[in-house]
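The chain below stands alone and is given in structure tokens; this is the form predicted on its own.
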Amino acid sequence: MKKYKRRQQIAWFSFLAPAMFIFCLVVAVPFLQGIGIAFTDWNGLSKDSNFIGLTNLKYLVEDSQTRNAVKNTLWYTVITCVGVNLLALAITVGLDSKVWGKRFLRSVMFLPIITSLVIAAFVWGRIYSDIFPVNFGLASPLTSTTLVIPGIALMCIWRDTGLAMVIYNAGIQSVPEELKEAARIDGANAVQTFWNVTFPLLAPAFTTCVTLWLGYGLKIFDYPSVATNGGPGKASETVAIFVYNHFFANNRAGYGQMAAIVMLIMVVLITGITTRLLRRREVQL
């Protein structure tokens, strides 16, 4: 019996081995190498480098561009996380009622997610530059230092709301109709029924969506890179673009790698703490 179990475990592991090998080759090994690079002055090109300890971290803390990138990233994350979740939740609740053609409407709402990030950013860039000035008399937000982050965030909200809607829809379908009916019998109106019955049972879906878009926002690179390349000036430079610029464009691989490690820690801490707090408020049936 023990031999059979051992053979079964070996067979299961053999299915995982190719994926684990690729993961180690592509992710784990470069990550461990990157930790060593973060404590050197390597320029990314030469074979030689010098160990400089925490000097890169010191410069990173003192660098005003670091604070600017963190501010832009957090501002973008707040807008997208709040916008995507509120809009997706509102659409889900609205289509949960007896609306004609709601399956078709759900499909239409989901369509933007199949668009690639690069194409979405390019199309919205053209909309801002060509349609806004001609049809609305408004300048492109991508040219404004104050509106560029909200303008880029709108691209994410347009594209990602459909995915969040699917997650919320799966959660709302699991809410027993008997609980809603009991609330209505007790005299609760639609708002009271949603807030006291539906929303508490949507907590797992809410936790999932908030955590996902927190993570997406904190490591965002595609939208600002394609739409503005961090401009105008440094108004839309995120932490991920900051890391890329220093690692590749500025030939400061050690400094860029230290910034990447700090970004990783920031993402893990913020998403981990948020998930832990939201999990405590979940209601299980």
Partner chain sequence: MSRRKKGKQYFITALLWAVTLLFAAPFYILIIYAFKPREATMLKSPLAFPDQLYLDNFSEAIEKSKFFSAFKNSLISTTVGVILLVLICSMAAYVIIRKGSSFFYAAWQYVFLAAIMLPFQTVMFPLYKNLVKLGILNTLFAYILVSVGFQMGFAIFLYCGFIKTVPIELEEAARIDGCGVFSSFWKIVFPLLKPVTMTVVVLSALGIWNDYQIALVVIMKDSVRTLPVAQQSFIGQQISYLNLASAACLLSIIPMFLLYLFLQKFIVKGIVAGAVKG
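Please read these numbers as outputs of a predicted model, since none were measured by experiment. Positions refer to the first chain, counted from 1.
Heads up, the form predicted in complex with its partner chain isn't pictured, but that's what we're talking about next.
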Candidate stretches 192-200, 141-149, 71-79, 166-174, one within 4.5 Å of its partner chain in the model of the complex by heavy atom: 166-174
4.5 Å heavy atom contact, A183 and its partner chain in the model of the complex: no
Its partner chain contact at P30 in the model of the complex, heavy atom, 4.5 Å: yes
Contact flag, V134 vs its partner chain in the model of the complex, heavy atom cut 4.5 Å: yes
Exercise: W213 in contact with its partner chain in the model of the complex, heavy atom 4.5 Å: no
Sequence-ordered residues of 207-244 touching its partner chain in the model of the complex, heavy atom within 4.5 Å: T208, K219, F221, D222, S225, V226, A240, V243, Y244
